[in-house]
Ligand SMILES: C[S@@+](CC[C@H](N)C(=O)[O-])C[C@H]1O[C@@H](n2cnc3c(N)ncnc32)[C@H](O)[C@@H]1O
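Here you get one chain, nothing else, as C-alpha cells; it is the form predicted alone.
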C-alpha cells in the first residue's frame, strides 16, 4: 500500500531555512529528531479549528504545543524525558519582556563578580549545593566544570520559577559546546583536542537570543493567551500511555513518535540530565523509553501480523526484543489516543521506516494495522522527504549500528517519512 504513495514535496518544506524552522521559541534548544514547526502548524490548521484542543503524547521539546498556541488552539502534551518537559515548559511560556530583561541584567552582573572577583568563595558554595555527578568529569575539563557550576548555582538562586526555568534551558543549551563532546556529532563522542569555549560569553549570547525570541513569541500570541497561558496549555512529565485528558475530549492529535531504539535518545540528553540531577545511571534512565530492551517484559500481543513477521525475521536477540517491545508499547499508546479523541476526530502521526541488516522495519505499515484494529480508519497518507533531522542518519550495513556519514557500507536510515492521518470511527 505505502510503496505506491508518491512523495508530496509540498510537505518537505525545502524552502524553509534554519532561521525559519527555529523561529520564536523553537530556537531555544537543539532537540534531537524534532519535526519542524511548519509541519506541525500545517497539520493543525488543516485538521482543526481555532479554540479546539490539540494533543501530543510525544511532545518532545513542545513543537506541537507551541504551534497550537500560535494558531489559537489549546495544547496538551506529555513526555517521559525530564529535559524535554523542562524545554517544553519554557518554550510554551511567554514571559514579560521587562521582568525577563531585568533578571538577565542582574544575573550577568552577579556572574561577572562570581566568576572572577569571588570565584573561590562561590565555587565552594556551588559544589556544596549541587552534588555533581561523577560523569561530569568525563565530559568537562576542570576549568569548564568550575565555571558551569557557578553559573548553574547562580541560576538556581532566581526566585521566580518561570524565570529560573528560562535560564536553565539557556544553561542546558550551551553544555555540549562547553564540553569535550565532539561538536559536529550527535553521538556521545569525546574530542580531547576541542577548543575551550568561554562559558560566560557563550551563555550570555544564547540567553540574549532567547530573550529576543521570547519577545517575538509574545507578539504572535493573542492577548488572552499572554494574560493566562495556563488556560491554554497543559503539559506533563508523563508516559504517553497516561495522557492528562478526559475521555473523548481531544479534537486532534499531532505527534511524531520515537523510532525503534528510542532509548538511544537518552544518550543525546545526558549532559543536561547529569548537570540538573535527573540522571544517576544511564541504563536505568533508558528503561523508561518506548521499546526499551533494558528491562524484562512479558510477551505481548502486537495486534499486527506484519509486526510479528518483522520480529520473527529479526530473531530472538536484543534487536528482535527491542522491536517487539516497541510495537507492543506503541499499541498501548494508540489505545490511549483512541480513548482521548472525540468521535470522528483525527490523529496525525509522523513516522518513517528503516532497515536493519537487510530487514525492513516497516513502522508505518505496522501502525496502520494496529490503528485499524483499534477502530480508526485511514483518512490520508502523505509521503515526505526529510531535509534534515538531528539524528545519526546512516547505519553500517554489516553491523547495523549508527555511524558517521563518511563511513563505508552506509544505508540511509530515514530518507523519507510518512504522515499517517487517521479518523476515529
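Positions refer to the first chain, counted from 1. Please read all numbers here as calculations on a predicted model, not as lab measurements.
Below, we refer to the form predicted together with the named molecule, which is not included among the displayed structures.
Proximity of residue 59 to the named molecule in the model of the complex falls within the 4.5 Å heavy atom cutoff. Remark: residue 384 does not count among the residues lining the named molecule in the model of the complex, judged by a heavy atom distance of 4.5 Å or less. Within this chain, residue 68 is remote from the site of the named molecule in the model of the complex, having no heavy atom within 4.5 Å.
Not displayed here, the named molecule is approached by residue 79 to within 4.5 Å at the level of heavy atoms in the model of the complex. None of 338, 241, 206, 165 but one reaches within 4.5 angstroms of the named molecule in the model of the complex through a heavy atom, and that residue is 241.
Of the residues 28, 35, 367, 356, just one reaches the named molecule in the model of the complex with a heavy atom at 4.5 Å or closer; this is 35. Heavy atoms within 4.5 Å of the named molecule in the model of the complex are found in one stretch of 339-347, 309-317, 135-143, 251-259, which is 251-259. Taking the named molecule as positioned in the model of the complex, none of the residues of 308-347 brings a heavy atom within 4.5 Å of it.
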